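Shown next as structure tokens: one chain only, the form predicted alone.
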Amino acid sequence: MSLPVRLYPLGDAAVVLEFGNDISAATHRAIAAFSARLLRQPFAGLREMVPAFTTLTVYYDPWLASGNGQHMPYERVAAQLRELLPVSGEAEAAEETKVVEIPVCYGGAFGPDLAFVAQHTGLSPAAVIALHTAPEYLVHMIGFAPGFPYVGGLDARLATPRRPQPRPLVPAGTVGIAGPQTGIYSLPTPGGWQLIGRTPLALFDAGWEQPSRLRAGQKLRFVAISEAEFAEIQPPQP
């Protein structure tokens, strides 16, 4: 299935390709397939591609993209991108990856909003945990903070509004819910998501060869662990 794609400029050195408005696995596959095709057939001046839920932003060097001043850079880049369309996410499926297990200690000091999520959804805390650990999630994009994964696949029964007032500091590794989304704070940052647990795994380290543990296109599953198991994986910090 090919998706209609709309192109529009972002400043004077980027093009946004919008693959519809539907946040879905099919949209993600189409974006991933087009990214792979563009990597195989790059145009002069291509700098970077940034995938999001429904868009792919393509950054370029205006001088090189213009053919050293012979053409308008945006028109030339847009024409070259259109030549690579349409793209089918089904025909050019994204790379299959191993499901990454994310251990999470739910509730207590690690998940101070678990009780609120349970009350809002009409579920018991145990049922919230069971529903949160059941699906296989898809990482749609990395954003907000380095290494922060926006994942799709949250059970609709767990949708819970953001907090009315964000917390000034959310510890790294904290797992939260905001509306129909769930995610993991990769670094200590302010945040308004409902906090239900925390993983002892680090998600981002600038010293790693690949600084982000997760990347767009990967699949993950949350696995409930105890506080003792949390401490075994991540000993208390000094």
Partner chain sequence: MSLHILRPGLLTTVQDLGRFGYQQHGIIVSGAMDAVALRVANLLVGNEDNTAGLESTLLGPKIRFETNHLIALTGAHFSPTLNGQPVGRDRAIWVAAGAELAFGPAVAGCRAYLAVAGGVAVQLVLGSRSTYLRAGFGGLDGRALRAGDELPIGESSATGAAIRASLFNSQEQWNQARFTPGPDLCPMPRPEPVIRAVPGPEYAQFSAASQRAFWREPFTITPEADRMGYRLQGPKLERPAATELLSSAVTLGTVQVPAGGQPIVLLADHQTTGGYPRLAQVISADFSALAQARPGQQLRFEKLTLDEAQALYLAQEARLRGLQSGIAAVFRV
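Numbering follows the first chain given and starts at 1. Everything numeric in this text was worked out from a predicted model, so none of it was measured.
The following text describes the form predicted in complex with the partner chain, which does not appear among the structures shown.
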message: Please identify, from 137 to 145, 123 to 131, 163 to 171, 104 to 112, the stretch that has a heavy atom within 4.5 Å of the partner chain in the predicted bound form.
response: 137 to 145
- prompt: Would Leu10 count as a contact of the partner chain in the predicted bound form, using a 4.5 angstroms cut-off between non-hydrogen atoms?
  reply: yes
query: Is Pro42 one of the residues lying within 4.5 Å of the partner chain in the predicted bound form, judged by heavy atom distances?
result: no
query: Should Asn21 be counted as a contact of the partner chain in the predicted bound form, where contact means heavy atoms within 4.5 Å?
result: yes
- prompt: Would Thr55 show up as a contact with the partner chain in the predicted bound form if we use heavy atoms at 4.5 Å?
  reply: yes
message: Taking the partner chain in the predicted bound form, would Ala25, Phe230 and Gln234 all count as contacting it (heavy atom within 4.5 Å)?
response: no
- line: Picking from Ala178, Val50, Ala36, Leu201, the single residue whose non-hydrogen atoms come within 4.5 angstroms of the partner chain in the predicted bound form is Val50
